[in-house]
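First structure 1, then structure 2: two forms of the same chain, each alone, as structure tokens.
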Structure 1
């Protein structure tokens, strides 16, 4: 052990109860558990990474500090917004506009003596494999599917004889949430469970353009059709109140024209920002569950969650704890390609659009290859131009049944692999 944290800087009473579970075995502890100084020292030395310093992240940092972790890193690229204050309890009104990671780290270090928290105000993609390799555990409190997929794939790719970094992930929506433990290549990974996400029902463009019926249709019309039409290249910033106001006024006018009641400012904001209701209580439940698992993993003082816990609090209390299965055809941790049924008469471009609608393939700029040729490449520019005509071609001209189609995307640190069959 290169850096050994000295444990004797504080009163022995401070961690009395935590120490009790580390120095005494319980009826459920694994036989390999050696009560005493070993788990205590491991906990003090283990570097742990927290991704996200928002609603879950604030809770996670507090919980890890009070679980005996001493060396914590936190990454978050966001700044503090007024609407964070109803649950992100490490922030005050005076902090609005500052870096979440920095303010959260400073607050917890000031409150809990002896913990070191290193903040990074950046994107997780800015860090390389060597950076991630130093951690014993990664705890994720994010609201982004894309970032979760990225860190999940990164940790699975890091697995070798010396590196196996568990990923603990939490998420909430209203009174519901889930906490899960993923041991790369051993238990199911984040990618294995992507089909559990319910895709956001897309409203057909023709409904938005000509037959709106709901207030949300008017709002989407304003943001999807009117904004680019009226504002040209100006990028819509959903955090800019003037932009939201503009959309709201447009949507209101549209609604009036079609006699559609119910467009409000709050709804406009909710639709264009895809706002998910969030409260402190649910964050507390899920973050604490994640950190309880981190403590159990780091100390083996009790068996850890294998591997999924769903909490539902809107009608009584219901918890579903189960083992989600690993998927053999998972593009990240599995060995087999997935099956994909393709209409041979459809064009490559239509296939691309179809794949983009699926939750497990939320692609941004995908490139397509078969084992023998490149069908369409997004970069470099020269190759993009060369392969672009293929987009217009029919699938039956480009691939054969049984071909393996490989799709890469700049947002994903892995390739999706499909075996083609024609419908």
Structure 2
């Protein structure tokens, strides 16, 4: 009669591959590394936070649990949609509508014995500093620049004599991806690298209005031209199914008029939300890289990434690693304000619009102050009404050359600082 071997969390075979790394020194191990059970125990005791439980987050959670991390928290504010099932492998059709974090945590704990995963269905901004202070490492599998900027600034602000929490960030875009390791105040932070973001390609308005050639042109026409024309001041909500359905209907009619095939509801949603199709294999590669860095940071078994790895898989498998340098004028980890050239004849509202278009600022509802006065405040309502007339005033009336302009925004736990010079 055949016998079945049950592997418990303490079985030698359960961790044999991990033991190959942790029970002996290698050519690149840190001087502080001590082979034996200590690194594995430190790995088990290292509380780690995963932000995001989508395509990348599911892979990260699974990898961390299989790597020996036993105390994991995961935060994700989204619920499972049927479109997630083709790449977010921890979810099933019966899970549609449920919390991503809760379902992912339950699935991994069921399959990997001995791991404890604590899920939270909320925004990362809902947690306070004391919550984040408890973690040894934070791993991000996000698709939001705003959320990345927030957690990056939060971890930098937490640095003191007892707290230094490394941030590992992963991201994918089709067949391309990146993984990076950021040590707050020591290496470059996420804010230092914002100028690497690729701005969304703009389509000339004349193409949208008169000679569309692609399905995306018809969708852009519906959102950029038809929506304000027919809906007036009603703000387009790209998360509202009724708004997306209206755009889809308009774009489909436009496409038929010009004999352009290919307009679908999914494409409409993708164009207006700037969604790039996710590739499961890319998620797996980038998640593996992120978890490899978490293992190295937790055990010192090997040097961690310094500090940016790019992956390209659309034509071949290619990776390139380089050190992105820290910026002295970074508003988060630096100590110098940036220079900002301003047209003195432009209005404060025009300056606001210009800054909102810049990928390195990505402002949504900014408030403006100089060292001597408030120029425009978004809240509270009474102060917004009092400072609103300044939006129509010229910059030369409100500030002087050499003034330091401070900009705050609800999406950022820090202020942008600029030294003004007039063009």
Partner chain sequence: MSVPGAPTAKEKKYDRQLRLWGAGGQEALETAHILLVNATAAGTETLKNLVLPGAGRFTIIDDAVVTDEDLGTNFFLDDSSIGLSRAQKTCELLCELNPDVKGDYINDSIENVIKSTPEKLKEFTIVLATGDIVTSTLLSLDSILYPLDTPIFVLKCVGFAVTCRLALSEHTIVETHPASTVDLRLLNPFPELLALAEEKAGSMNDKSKMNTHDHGHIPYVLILLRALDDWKSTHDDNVPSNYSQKNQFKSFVRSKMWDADEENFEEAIAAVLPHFNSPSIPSGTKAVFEDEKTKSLTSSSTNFWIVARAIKDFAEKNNGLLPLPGALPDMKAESKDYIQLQNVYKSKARADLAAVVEIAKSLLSELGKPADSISEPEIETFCKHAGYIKLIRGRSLKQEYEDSPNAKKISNEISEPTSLIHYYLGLRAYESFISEESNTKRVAPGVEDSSVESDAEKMDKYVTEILDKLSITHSPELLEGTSKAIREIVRVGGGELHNISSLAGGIVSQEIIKVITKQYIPMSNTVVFDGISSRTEVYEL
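These numbers come from a predicted model, not from an experiment. Numbering follows the first chain given and starts at 1. In this text, the rigid core denotes the largest set of C-alpha atoms whose superposition between the two forms falls within 1.5 Å.
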query	finding
Number of the structure representing the form predicted together with its partner chain	1
C-alpha of residue 132 off by 2 Å or more between structure 1 and structure 2 on rigid core	no
Post core alignment: residue 88 C-alpha displaced by 2 Å or more between structure 1 and structure 2	no
Core fit, then residue 234 C-alpha moves 2 Å or more between structure 1 and structure 2	yes
Residue 244: CA movement between structure 1 and structure 2 [superposed on rigid core, Å]	3.0
